[in-house]
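A single chain comes next, written as structure tokens; it is the form predicted on its own.
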């Protein structure tokens, strides 16, 4: 089990992480999400042992992770950290980079193992190419394969698909994460892309200004976000006064609604006038505005004409679990 116990870290006396505290069972996939500058990458470095903490500790199965004050070469051998810098040898081949961590006592198995890893990251055709000749996305895939070769207990991934073409990201996610899950590897992924999270991560930790504001199972956090900031990290979300949906409501609370959750009616509900229809492939994202000037986004199977009036409703169970209080 990984235990992150009330860790704090400052850079030049400026707090970057503040009392981060969570635990993770072996084989669990945790996604760390938050806006840019929230502390995601710093948290990965702290867990790996690249930073000397101001307070708290990180332990794996009871063994404390020691920082740079104690290790000549920071980092623990049972972890592998894949940074956004890739850390590759540019003048050697892809095969040689991936094989770097393989045992010299099992040379006869290197070819099969490297082939397996390159297939996992869709780089088989580039085995003999020099790293310096690769694109940024290809280098990122080689860095992932190189990390997998070490067969660590914990894999720390910092924006693992940020440089990779969109069409390749889908293939890689569906190859890489199940591959690691089958082998019982504990994964911590720092990302800003909800596609890296939904369908793959078991749990999500949310950071805001270096503070941990949520740590929940993925589905629970998506269904019951406690504030708009959390919900918006999964995609576009509407924050509406509850009285707009239920006029009889006695509270000044608000409700969070994802665009696909609205039900369109021709007769009753919140009156919205269509401003624009945005094509999204299988659906359209419709932008509308109420008489009070509130902008609302909702999904529909086809485009709607500008200025057409529609009525929006949401199911009552959604009201009960998405209502949030207004801070005063």
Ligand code: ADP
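None of the values given here were measured: they were computed from a predicted structure. Positions refer to the first chain, counted from 1.
Form predicted together with the ligand: not shown, discussed below.
Across the proposed site, 179, 181 and 199 without exception lack any heavy atom within 4.5 Å of the ligand in the predicted bound form. Within 4.5 Å of some heavy atom of the ligand in the predicted bound form lies at least one heavy atom of residue 39. The ligand in the predicted bound form comes within 4.5 Å of no heavy atom belonging to residue 318.
Among heavy atoms of residue 54, none comes within 4.5 Å of the ligand in the predicted bound form. Although the partner is absent from this view, residue 291 stays clear of the ligand in the predicted bound form, with no non-hydrogen atom inside 4.5 angstroms. Contact annotation: the ligand lies within 4.5 Å of heavy atoms from the stretch 39 to 47 in the predicted bound form, the single such stretch among 59 to 67, 268 to 276, 39 to 47, 22 to 30.
Of the residues in 1 to 28, those that come within 4.5 Å of the ligand in the predicted bound form through at least one heavy atom are, in sequence order, 11, 12, 16.
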